[in-house]
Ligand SMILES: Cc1ncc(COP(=O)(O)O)c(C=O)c1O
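Presented below, as structure tokens, is a lone chain in the form predicted on its own.
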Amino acid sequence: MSHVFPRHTKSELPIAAGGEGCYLIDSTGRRYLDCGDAAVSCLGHSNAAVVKAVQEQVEQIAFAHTGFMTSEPAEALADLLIEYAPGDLDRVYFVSGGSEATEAAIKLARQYYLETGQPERRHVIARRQSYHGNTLGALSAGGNEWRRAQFAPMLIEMTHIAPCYEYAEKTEGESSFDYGQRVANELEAEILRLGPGTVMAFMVEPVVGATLGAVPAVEGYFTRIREICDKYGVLLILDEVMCGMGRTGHLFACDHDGIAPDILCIAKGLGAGYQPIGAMLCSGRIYDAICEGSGFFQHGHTYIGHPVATAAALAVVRELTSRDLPARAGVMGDKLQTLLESRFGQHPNIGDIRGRGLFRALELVSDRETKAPFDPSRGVAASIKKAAMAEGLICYPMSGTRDGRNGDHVLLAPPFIIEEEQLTELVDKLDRAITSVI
């Protein structure tokens, strides 16, 4: 009998015993094409350069508390990230994962306004059907009602505007651009409703991951969002925990939209699964406000800037940049999109095939013409996940796509090293899984 507290107490899971490239191997020797581990394994498994970096760092020093010392890998990783970072991002605050990164971003935004003499700025605006993590602050920013409901009495008050979700929410006769401007302008309306001098930040995913299923914004949306934030002195926080680090074809996802944030959060692909790590990047202006003010960011965790974690991430980012793997993710992502459209483009229960780079999703519907979702009681997403595992495919089906309860999608996030024949394997196995369920 296991004493592990699992995510789902009624499921029996195989034991992961090994990994090789794009495959995970369980204790019975069965191989699974790994295309849905929450967009973590961007380099696949058993990357020699990253394994070596971890081993060498453990031999040198395993841990040094950042209240007393910094470390060479942390310094080198911060330098490398800032070398490629958009806009005037200038400082990197390391944490252990995505929820910690978004939590730190919210707290830094608040302290920035305290340091600059604007204590009345306290409101954070985010979007419905967003996901920013599972700590209470991050969950407060998230807009997924299913995740929020049971903890609602404990959450911080934050407000939410519409997502940029063209497939389900663009009106008939409305152009993509006009739709994007309309929903972007909801930000300005909400700032004015709350009071322009009281809003401190807008938090948003450049490409929405788990809750909506690889939904990118339409052209012009983020340009307008940046304009609104600048107009009212609101900090723009981009959550690239899932979509960043090359996943959508650029090292930083916002480069596709030609904008830069004031604060940016990364994780998942930063460590590629080899170590738990995340990071919050902020502009020089924000850092200088802290530096010239109190000089102390009133936040912290024991394992921030962990030498072994930063050594692993440094090796990961070097692999990504030296091999131009974000560009490869873009190319292979287009090939995956073509395969998905060829196989599922006319499927009566596939309403949308979307995404960017190697971050793709299928939205499942009961009626292709009306876009009506399946009844939640059918448990379509959970059934597809189980069927895909039986086929030897790890993907990321989720329910609640439309509103936290209704709707289902399958998220696909294969390693950037995936080959064309493995893309075909992915689509074949997914097809059999969907067919067995629907």
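Because the structure is a prediction, the values reported are computed rather than measured. Heads up: residue numbers just count along the shown sequence, starting at 1.
There is also a form predicted together with the named molecule; it is not shown, and the following applies to it.
Student: Would you mind picking the one in 212, 311, 241, 253 that has a heavy atom within 4.5 Å of the named molecule in the predicted bound form?
Tutor: The residue from 212, 311, 241, 253 that makes the contact is 241.
Student: Out of 261, 142, 98, 357, which one falls within 4.5 Å of the named molecule in the predicted bound form, going by heavy atoms?
Tutor: Selected option: 98.
Student: Would you check, heavy atoms only and a 4.5 Å threshold, whether residue 306 touches the named molecule in the predicted bound form?
Tutor: Flag for residue 306 set to no.
Student: I'd like to know if residue 127 sits close to the named molecule in the predicted bound form, meaning any non-hydrogen atom pair within 4.5 angstroms.
Tutor: Judged by the heavy-atom cut-off of 4.5 Å, residue 127 is well away from the named molecule in the predicted bound form.
Student: Is the gap between residue 216 and the named molecule in the predicted bound form 4.5 Å or less for some heavy atom pair?
Tutor: Outside the cut-off, so no.
Student: My question is simply whether residue 247 lines the interface with the named molecule in the predicted bound form - judged by any non-hydrogen atom within 4.5 Å.
Tutor: No, residue 247 is distant from the partner.
Student: Out of 128-136, 115-123, 288-296, 221-229, where are the residues with a heavy atom within 4.5 Å of the named molecule in the predicted bound form?
Tutor: That would be 128-136.
Student: Only counting heavy atoms and a 4.5 Å limit, does any residue of 193-217 reach the named molecule in the predicted bound form, and if so which ones?
Tutor: The stretch touches the partner through 205 alone.
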